[in-house]
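In the form predicted alone, a lone chain appears below as structure tokens.
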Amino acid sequence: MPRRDFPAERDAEHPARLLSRLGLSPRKKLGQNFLHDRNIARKIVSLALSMGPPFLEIGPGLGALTDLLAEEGQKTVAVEVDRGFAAYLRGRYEGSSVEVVEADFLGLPDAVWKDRFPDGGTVVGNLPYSVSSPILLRLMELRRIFPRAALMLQKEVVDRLCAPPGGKTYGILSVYLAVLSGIREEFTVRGSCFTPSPDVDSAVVTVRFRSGISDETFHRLQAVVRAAFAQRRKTLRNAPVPFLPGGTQTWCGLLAEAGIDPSSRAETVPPDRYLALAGLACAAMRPGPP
């Protein structure tokens, strides 16, 4: 697909003026804050390009990142839930390397992505706070189709995702991502880079999912980690474990076998111990021979 020329930074229309011209307005419910700093946009797209095409863009909005991907002639599927923005984007990228899909990313089945990305791809996007956790969980499920991602999220979310054990910010998503991937915070983005300007900063992360962790292991990891963090103020021996035959007694035995002190709290356990616990839980939950 040939490159398409889009407005240079000095000529790009400011989001406020573009919204006014289109008769559109940001929807707070969707967390719509539009990146107008082209330098930041280029840094994000440069990270994505280094990870390799083709690309899935989640929530393109007014196309700050999409313009740059189209300029490069890179095959991109841009998923936009807002009907007004999707219509604008379809017209803007007609005849380019960008396909615009009007849909809720979270509502699309695996088959859609397997069909469009048979050889895998890279995810890029500015994820709204309200749905960042569900989107990240969905990307974990799709990690074989999309093993790489360059994402912008609110800074406080990034702090939680990258948190080491031992603090209040370390939690369920911290464990999942540490086990499944290598995640790295790349740079901070000030609120003043967006329209409308949010009261908080954002940050960009890159995620590279590891191969070799089965869906069964991931599902068991989810079960044991959710149980561990269900009552953060209590010790692990008090975790609710209805999914385990033998209940608390089996749970405490598995904790000890995984090298985890049952009297410790969830936030003190490193990711590799949770992975070991998930493996033991897999064995404990499989039905025995008839």
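What you see is a predicted model; the values in this text were computed from it and never measured. All residue numbers refer to positions in the sequence shown, first residue = 1.
Heads up, the form predicted in complex with ligand SAM isn't pictured, but that's what we're talking about next.
Mark residue 104 yes when one of its heavy atoms lies within 4.5 Å of a heavy atom of ligand SAM in the predicted bound form, and no otherwise.
Although ligand SAM is absent here, residue 104 would touch it in the predicted bound form, with heavy atoms inside 4.5 Å.
So in the predicted bound form, does residue 121 come within 4.5 Å of ligand SAM, heavy atom to heavy atom?
The answer is no: residue 121 has no heavy atom within 4.5 Å of ligand SAM.
Going by a heavy atom distance of 4.5 Å, is residue 82 a contact of ligand SAM in the predicted bound form?
Judged by the heavy-atom cut-off of 4.5 Å, residue 82 is in contact with ligand SAM in the predicted bound form.
Can you tell me whether residue 126 touches ligand SAM? I mean in the predicted bound form, with a 4.5 angstroms heavy atom cut-off.
Yes, residue 126 lies within 4.5 Å of ligand SAM in the predicted bound form.
Just give me the single entry in 64, 56, 225, 258 that has a non-hydrogen atom within 4.5 angstroms of ligand SAM in the predicted bound form.
After the contact test, the surviving option is 64.
Only one of 35, 221, 68, 236 gets a heavy atom within 4.5 Å of ligand SAM in the predicted bound form. Which one?
If I apply the 4.5 Å criterion carefully, the residue I get is 35.
Pick the stretch from 207 to 215, 169 to 177, 96 to 104, 142 to 150 whose residues have a heavy atom within 4.5 Å of ligand SAM in the predicted bound form.
Comparing against ligand SAM in the predicted bound form, the contact stretch is 96 to 104.
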